[in-house]
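Coming up is one lone chain in structure tokens, specifically the form predicted alone.
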Amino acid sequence: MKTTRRLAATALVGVTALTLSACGGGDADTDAGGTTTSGEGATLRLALNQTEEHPSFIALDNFGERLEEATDGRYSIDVYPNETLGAQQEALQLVSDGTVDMAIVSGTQLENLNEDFLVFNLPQVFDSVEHQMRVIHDEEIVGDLYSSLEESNNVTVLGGFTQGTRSVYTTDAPVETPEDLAGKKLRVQESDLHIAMAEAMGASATPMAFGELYTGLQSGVVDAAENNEVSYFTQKHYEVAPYFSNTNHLVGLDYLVINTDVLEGMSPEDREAFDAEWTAAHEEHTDLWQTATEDAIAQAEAGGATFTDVDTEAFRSVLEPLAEEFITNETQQALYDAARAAAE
């Protein structure tokens, strides 16, 4: 199955440049939404930027297997990992066009289409992964937000996967208060919000591509970075920045999006099965992420990293004002207030 998927991905990328409706004959066809169909059912194509070992791939692959069983073969899912179908921005456009059925995309990508998604990218809006999952799968809170792209982009947001809590790690000494970051060059994503976040924590914000970060830390171009424990370990950043400080300033978020026509084309029975198996998928992912985080911490410590607790209130006090700075309308304020009210 996975070998077939990799071979098919190359063909699919080429086909996207052609008119899908021109395909005809044979045992397989493509419906109006771009979904591959055959006598055995419809196969939904899902774009992912992670590897086959990542919790996101595992949970989504299992989602597809359960969906096929639950619908008696009427629907299945093929997950294309490693950006095989393009980076997230391209994958999102392909979902909108109907060339690809589903994709995992970051909150920043959706923020580019509707600025109200910014609220869930704010630092301190979520206290934990558990808090985040409660909010982003609460229909009363997110229902209007998740349907907001349907008319303009033909995209429906289904929910999300956590990226885990993000913390600061440094090359020379642990960080316990924002004052400890004074003068340090902190790598951030190229985002006005992330730049402001770094500066609020006392650092000098230094936007840099993620793929350049190991060398940047090693050479002293940057003194610090911020990310979750899984990325910290898998990217071997602990080798050059061994001081991981548990600032927990942000809980990252990926969304699962689907072409609206594809979703609305499901029968009530299949839609019920789809929703149930998606719920099982994001719950499984959260469990997998917790295990992966624990393993990453243990292995990073074995490799020489140290994990330090910080003055949580000190960081909260400098980060909370960012909400007032970046929230610009009543809808965003309502989302923020609802999210904070859901905290335990």
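Heads up: residue numbers just count along the shown sequence, starting at 1. C-alpha atoms forming the largest set that superposes within 1.5 Å between two forms make up the rigid core. Keep in mind the model is a prediction, meaning the values are calculated, not measured.
What comes next is about the form predicted in complex with a small molecule, which is not displayed.
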To test your reading of this chain, name the stretch in 265-273, 181-189, 216-224, 122-130 whose heavy atoms come within 4.5 Å of the small molecule in the model of the complex. 181-189
With the partner left out of view, is residue 78 within 4.5 angstroms of the small molecule in the model of the complex by any non-hydrogen atom? no
Proximity of residue 254 to the small molecule in the model of the complex, heavy atoms at 4.5 Å: yes
Using a 4.5 Å heavy atom cut-off, state whether residue 249 contacts the small molecule in the model of the complex. no
Hey, in the model of the complex, does residue 50 get a heavy atom within 4.5 angstroms of the small molecule? yes
Under a 4.5 angstroms heavy atom criterion, identify the one residue in 167, 231, 206, 156 near the small molecule in the model of the complex. 231
Could you work out which of 163, 99, 260, 148 is the residue within 4.5 angstroms of the small molecule in the model of the complex, going by heavy atoms? 163
Between the small molecule and 243, 299 and 308, in the model of the complex, does every residue show a non-hydrogen atom at 4.5 Å or closer? no
Can we say the CA of residue 208 moves by at least 2 Å between the shown form and the other one when the core is superposed? yes
Core superposition between the shown form and the other one, C-alpha change of residue 189 at least 2 Å: yes
Superpose on the rigid core, then tell me if the C-alpha of residue 231 is displaced by 2 angstroms or more between the shown form and the other one. yes
